[in-house]
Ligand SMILES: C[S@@+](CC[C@H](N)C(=O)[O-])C[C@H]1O[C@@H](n2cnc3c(N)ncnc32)[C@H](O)[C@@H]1O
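Only one chain is given next, in structure tokens, and it is the form predicted on its own.
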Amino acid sequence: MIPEEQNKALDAWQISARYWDKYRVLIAQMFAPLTAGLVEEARIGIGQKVLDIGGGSGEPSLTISCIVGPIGEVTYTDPVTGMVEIAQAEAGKRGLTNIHFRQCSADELPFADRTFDVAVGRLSAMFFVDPVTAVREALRVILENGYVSFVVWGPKEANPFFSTVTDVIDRFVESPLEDPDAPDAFRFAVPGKLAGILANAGAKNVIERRLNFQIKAEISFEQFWQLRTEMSETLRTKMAGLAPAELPIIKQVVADAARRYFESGTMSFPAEALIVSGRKPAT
């Protein structure tokens, strides 16, 4: 990715940070199964030193800090200033003293070799500038036989939480042809793609596991619409290009398509993610 595009992507995430903070409680609730799956896969336990790569608004660092306890520690990293600030503020509010914060890119980690027991990333690997370099860096900074584990979204069609809105908007807004290797939420949705990158970067015992779960929250369609259209930079950009008269039409079409996910009066979408893990070989 050329530096100009990198800066543009960082700027977009900087704007998104305020919305991730606004919906913090909801996001934690909706994506809790991803955090739980990641913790289980990376075998995170009491007393460990864990690196969180691309920790966004604070998860999974905030959850992991409670699991490793006072004798363990978590190092949160993210390249976006706004994300680091809101994550740090939340940790402060909760009185968590075993999380350290560093603003840095995944492909240039400012840590010595063999510093951590485990390295994880929740919904961050899809946005790595250079995934192979990032995984090599993750392997470099963990102990021999330590785990690197990443959770990424499965196919778009298996994730109506996203596609219900984007499929409708894409009928109204012309989208350029997507580069399957460009940073995007579904960049590693193809089974084996991220696993291949881990193997290429030198990880051993690479395992890919499919995680099916429900994205659930006590919210109405109206709240879901607001959450999705505020949190996603892609949607914000596309909607800015629509004529005002088109918005209520689009919203109604999305509401009709999403009705079945709100039948109980609250939101419940089926979802699919992939958890991909590997270990650092002993030298």
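Quick note: we count residues from 1 along the sequence shown, nothing fancier. Since the model is a prediction, treat every value here as computed from it, not as a measurement.
Not pictured, yet referred to below: the form predicted in complex with the ligand.
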Any non-hydrogen atom of Phe101 within 4.5 angstroms of the ligand in the predicted bound form: no
is_contact(Thr164, the ligand) in the predicted bound form, heavy atom dist at most 4.5 Å: no
Heavy atom of Trp20 within 4.5 Å of the ligand in the predicted bound form: yes
Heavy atom to heavy atom, is Phe262 within 4.5 Å of the ligand in the predicted bound form? no
Partner-proximal stretch of 66-74, 53-61, 252-260, 218-226 relative to the ligand in the predicted bound form, 4.5 angstroms, heavy atom: 53-61
Partner-contacting position among Ala189, Val206, Ala201, Leu123 - heavy atom within 4.5 Å of the ligand in the predicted bound form: Leu123
Consider the chain as shown here, without its partner, and state which of Ala87, Val80, Ile142, Val152 has a heavy atom within 4.5 Å of the ligand in the predicted bound form. Val80
